[in-house]
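We begin with a single chain expressed as structure tokens, specifically the form predicted alone.
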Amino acid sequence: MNVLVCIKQVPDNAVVPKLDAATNRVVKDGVETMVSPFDLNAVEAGLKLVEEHGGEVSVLSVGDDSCKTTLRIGLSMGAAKAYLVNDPALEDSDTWATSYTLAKAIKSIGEFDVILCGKQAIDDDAGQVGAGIAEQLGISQITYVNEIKEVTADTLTAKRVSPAGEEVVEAKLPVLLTCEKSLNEPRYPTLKRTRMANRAEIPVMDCAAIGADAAKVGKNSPSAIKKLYTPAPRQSGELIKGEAEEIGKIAVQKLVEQKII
């Protein structure tokens, strides 16, 4: 079974984002980064699939050369191969353009039975790229997966989270899954594999190499961010003291004054 996992390097979630007023972008230079956490669940799911059914896991990312650090984490967990798409034309790509680029890269690398993504990246929380890749490739997809129940020669059955509860879905291979945190507990990289990952050569491909049209990505994406700003801080609440009955009356009075009730 050939499995490919798309992973993304994002700013460390312990760092408070800052905006550059001149460029209207989040400042990334000098900011600590990490693998988007849901993508680690996707890597773990891929490794478990090949442990049970044979084959190998490959990891893929789009970004600059610093993203090799993220790919090496996938290799240190157990992935066999890693690929990076790096092209200045991809800067400012929206989710459609990113899905398009990843789909082109996947086609250029080879055929895969299962493609895995995190349910969303924690930097923009869009949750659109995984589904977009499946659409671009014309393959089945199961989103928000929290359990892979069964895999046969030509189907995969998974349990997914939905607004109504949970659903069990069977899809034909090849299939793309987006992974929930509850799917598994990502393993820690071993020292041996970490050393191997640090020495590994990671192929870098540009738009021309994967057959992607630069006129469809980056600043040519079908959508663009018109304005990016930091939300205004919330005003602190008012603490009401006194006996329970008195507090209740005051609280109701204030809600009426503000026309909340």
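All residue numbers are counted from 1 along the displayed sequence. None of these values were measured; they are calculated from a predicted model.
Unshown form predicted in complex with a small molecule; subsequent notes refer to it.
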query: Interface segment, criterion being heavy atoms within 4.5 Å of the small molecule in the model of the complex, picked from 202-210, 231-239, 43-51, 56-64; finding: 56-64
query: Among the candidates 102, 114, 134, 73, the residue which, in the model of the complex, approaches the small molecule to within 4.5 Å (heavy atoms); finding: 102
query: Contact residue in the model of the complex, chosen from 225, 31, 196, 215 - any heavy atom within 4.5 Å of the small molecule; finding: 225
query: Residue 191 within 4.5 Å of the small molecule in the model of the complex, heavy atoms; finding: no
query: Contact label in the model of the complex: residue 186 to the small molecule, heavy atom within 4.5 Å; finding: no
query: Partner contact for residue 143 in the model of the complex: the small molecule, 4.5 angstroms, heavy atom; finding: no
query: is_contact(residue 87, the small molecule) in the model of the complex, heavy atom dist at most 4.5 Å; finding: no
